[in-house]
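Here are two versions of the same chain, shown separately as structure tokens and labelled structure 1 and structure 2.
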Structure 1
Amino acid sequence: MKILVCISKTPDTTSKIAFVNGNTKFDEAGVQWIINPYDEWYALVRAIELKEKDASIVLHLVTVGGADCDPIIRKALALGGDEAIRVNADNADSFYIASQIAEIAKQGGYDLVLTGKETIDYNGSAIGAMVAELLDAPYISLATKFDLAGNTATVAREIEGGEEIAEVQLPLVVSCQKGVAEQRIPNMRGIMAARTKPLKVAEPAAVDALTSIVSYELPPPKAGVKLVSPDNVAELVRLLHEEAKAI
């Protein structure tokens, strides 16, 4: 059994969001980089749990990006996994990235590909679905539970107002969110071990991106809060009814 977990580098959740070069580039000054939380807490930790139950599982990580991603992928390896592959390319667009991951997945013959449900910077929610399509494999998105018995996966996914449980045979691609696993903190042994785990660099396949970012914008600032006295709650109800037309 071979599992591939997709890892993305994202700015820390508290990063100040600003843009440079005439609003065409994210301002990276002073930004701390982390593993995209959905990739780390849910997809990666669940894969590690599966490997802990069945030591014969081979667990590889993949990322698409420049050498600046190496510290992030080492951090991921400190949590677990046997080796990592970095496709040495810029993040052109979702289709480009998915095509690179699908290429690695095809070459490596993985039975299961796990991703986070989205990255917290681009909020694409697209890579898992595209990889599945390029592999012609079934896809379950927004998983909240994931179990494996032999070649059969049992997955719960979010639907409007609840969840749907399904059984699927591998090979399979799944995007993970809260519920699939619990966040872990890497320990010293993991961090030491990660230093010597293989981090292979692969050259990208020739693929054309289909979209490009023209510019960024910040939302207009809020007009400012209207405070109502706790002794005059009726006034809040009036404002919500008459002014905001929200109730």
Structure 2
Amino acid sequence: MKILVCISKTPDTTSKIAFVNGNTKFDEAGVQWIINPYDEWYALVRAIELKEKDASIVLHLVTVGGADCDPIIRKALALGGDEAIRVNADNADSFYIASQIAEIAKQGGYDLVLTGKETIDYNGSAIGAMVAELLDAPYISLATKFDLAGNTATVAREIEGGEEIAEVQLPLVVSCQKGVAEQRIPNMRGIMAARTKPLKVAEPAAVDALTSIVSYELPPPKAGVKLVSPDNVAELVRLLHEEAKAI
């Protein structure tokens, strides 16, 4: 069995967000880059757990980006995986990225593609579904549990008022969220081994991006706090009605 895990590079949540070039480009100066947590903590770790139970599983990682993504994919390899593939392209369009991943999946004949439910920078939640459509494979989103028995996957996901359990035959694409696995920290053995694991660079498939970024905007600054005396209920009601628009 072959598993492909999608890995994305995202800014650390503590990074200061700013834009340059007339608010058309993210300012990367001084930004600390990390593996997208949903990809790392859930999709990748669950794939590693499956491989630990079945040594015959081949586990590969894929990312779409420039050479600056290499440290991130190496860190992911330190957690586990046999090799990584980086599609040498820099494009934020979801369809473009999904098309590159789907092309790698087709060429590699993977049985299972795992991805995080979303990235913490764009929060699009679109890649998994697009990859599944391009592969003509079943897709289950927001998985909280994932188990394999032969070629049958049992996947649990939260729904309104309860939990849904689905059984699906491979090949399959699944997006993962909290509950699928628990976060791991790379150990020294894994870090050393990652240095020699194959990291293949593939040229992108000829695909036209469907969207482009026109500009970014920061949210408005937070207003100051207004303190109202507990005895002045009328003023509190007025502020909630006229300024906060809460009532």
Partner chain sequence: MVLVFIDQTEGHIKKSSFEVLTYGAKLAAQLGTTAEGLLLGTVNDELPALGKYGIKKVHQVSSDTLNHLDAQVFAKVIAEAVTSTGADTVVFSHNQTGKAVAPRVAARLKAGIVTGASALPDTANGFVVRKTVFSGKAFANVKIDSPIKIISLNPNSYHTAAGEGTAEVVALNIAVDAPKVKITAVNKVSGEVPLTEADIVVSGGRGLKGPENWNILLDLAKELHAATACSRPVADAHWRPHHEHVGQTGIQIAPNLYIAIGISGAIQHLAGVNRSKTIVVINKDPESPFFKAADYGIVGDAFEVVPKLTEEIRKMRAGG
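Here, a residue number simply tells you its place in the sequence of structure 1, counted from 1. Just so we're on the same page, rigid core means the largest C-alpha set that superposes within 1.5 Å between forms. In this text the structure is predicted, and so the values were computed from the model without any measurement.
Structure 1, rather than structure 2, originates from the form predicted together with the partner chain. Across the conformational change between structures 1 and 2, the residue of Ala206, Gly224, Lys53, Met188 occupying the hinge between rigid parts is Gly224.
Rigid-body analysis between structures 1 and 2: the smaller part rotates 37° against the larger, C-alpha superposition. Core superposition places the C-alpha of Asp231 9.3 Å apart between structures 1 and 2.
In this core superposition, Gly161 moves its Cα by 3.5 Å between structures 1 and 2. The two forms line up on their rigid core, and Leu240 then has its Cα shifted by 5.8 Å between structures 1 and 2.
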